[in-house]
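Single chain ahead, written as structure tokens, the form predicted alone.
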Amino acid sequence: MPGRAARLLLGTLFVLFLLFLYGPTLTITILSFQGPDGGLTFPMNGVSLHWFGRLFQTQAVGDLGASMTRTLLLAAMVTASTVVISLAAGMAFRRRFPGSGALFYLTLASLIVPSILVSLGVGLLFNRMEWEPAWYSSAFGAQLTWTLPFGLLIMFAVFNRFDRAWEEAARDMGATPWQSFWHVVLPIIAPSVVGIALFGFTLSFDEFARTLLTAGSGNTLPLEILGMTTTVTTPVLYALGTVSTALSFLVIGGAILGMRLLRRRRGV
């Protein structure tokens, strides 16, 4: 009996946790299907796709299309850079070299510094150098200070458990260092590489603080939403939230599907 009561209590707490975690997202998704005369709160005034259509129309305040394009391009740049640099650093840190310890802790230090201070520092640097801040330069660098440490930590953990015997076997069979990496190492660590890519994309896609003072005149989507919250009083913001959530699930689903196809191709 005590065991059943404990399971019931834990189950109830878990359900409440799920409601707390996904309740706001579910609420926004439901309200995004308001009718043309619907407002920002319940009760709903009809059901339609009206506000999704409004996303692709010119807004009185803000430019959702341009900001979404900038956000996706920036996320793609950050994702690619995070994957390449993390993978290269993981390979380099397999052997000790002078200054490796200091470089490692210096990289992780950006996780400790408040994001808004990183944004301020990058913005001041560009101002002192008389460079024009933009989403593809200063914001790109500021976001890398956020995504790279996570990618490096994942890669270090992977190579810490990596069995070098596989590489040595490939070398014994006549493979060059590049061939052993491409045909042996990379396929084994591919799931972790995909995980780093997902980390980089999701962290960049909704990053606000490190982009606030570095994006220049071209707002990313989070900055555009912030500017619209004080003036837009229609469910178009909810429709935007639903679309961005669906996009996130689409990216995750694409990554999972890609991994399954890769494993099937390898015959695993």
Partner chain sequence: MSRWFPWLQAAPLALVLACFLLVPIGLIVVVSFYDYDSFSLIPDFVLTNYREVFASPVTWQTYLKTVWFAGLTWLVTLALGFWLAYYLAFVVQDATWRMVLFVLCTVPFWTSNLIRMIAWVPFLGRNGILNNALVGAGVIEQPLEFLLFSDFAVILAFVHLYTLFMVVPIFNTMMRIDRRLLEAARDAGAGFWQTLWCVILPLCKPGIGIGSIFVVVLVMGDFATVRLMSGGQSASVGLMISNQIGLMQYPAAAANAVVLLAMVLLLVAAMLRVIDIRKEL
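From a predicted model like this one, the values you see are computed outputs, not experimental measurements. Positions refer to the first chain, counted from 1.
One more form of this protein exists, namely the form predicted together with its partner chain; it is left out here, but the text below deals with it.
**Q** Since only the chain is shown here, I'm wondering whether D63 would be in contact with its partner chain in the predicted complex (any heavy atom pair within 4.5 Å).
**A** Because no heavy atom of D63 falls inside 4.5 Å of its partner chain in the predicted complex, the answer is no.
**Q** Would G254 count as a contact of its partner chain in the predicted complex, using a 4.5 angstroms cut-off between non-hydrogen atoms?
**A** G254: no contact with its partner chain in the predicted complex.
**Q** Quick one: does T145 come within 4.5 Å of its partner chain in the predicted complex, counting heavy atoms only?
**A** The answer is yes: T145 has a heavy atom within 4.5 Å of its partner chain.
**Q** Please tell me whether any heavy atom belonging to A76 falls inside 4.5 Å of a heavy atom of its partner chain, as the geometry stands in the predicted complex.
**A** Output for A76 is no: heavy atoms all beyond 4.5 Å of its partner chain.
**Q** Look at the candidate spot formed by A89, L152 and T229 and say whether its partner chain comes within 4.5 Å of a heavy atom in all three of them in the predicted complex.
**A** Contact check passed for all of A89, L152 and T229.
**Q** Scan 74-107 and note down the residues that get a heavy atom within 4.5 Å of its partner chain in the predicted complex; none is a fine answer too.
**A** Going through 74-107 in order - heavy atoms within 4.5 Å of its partner chain in the predicted complex - the hits are I85, A88, A89, M91, A92, F93, R96, F97, P98, L103, F104, L106, T107.
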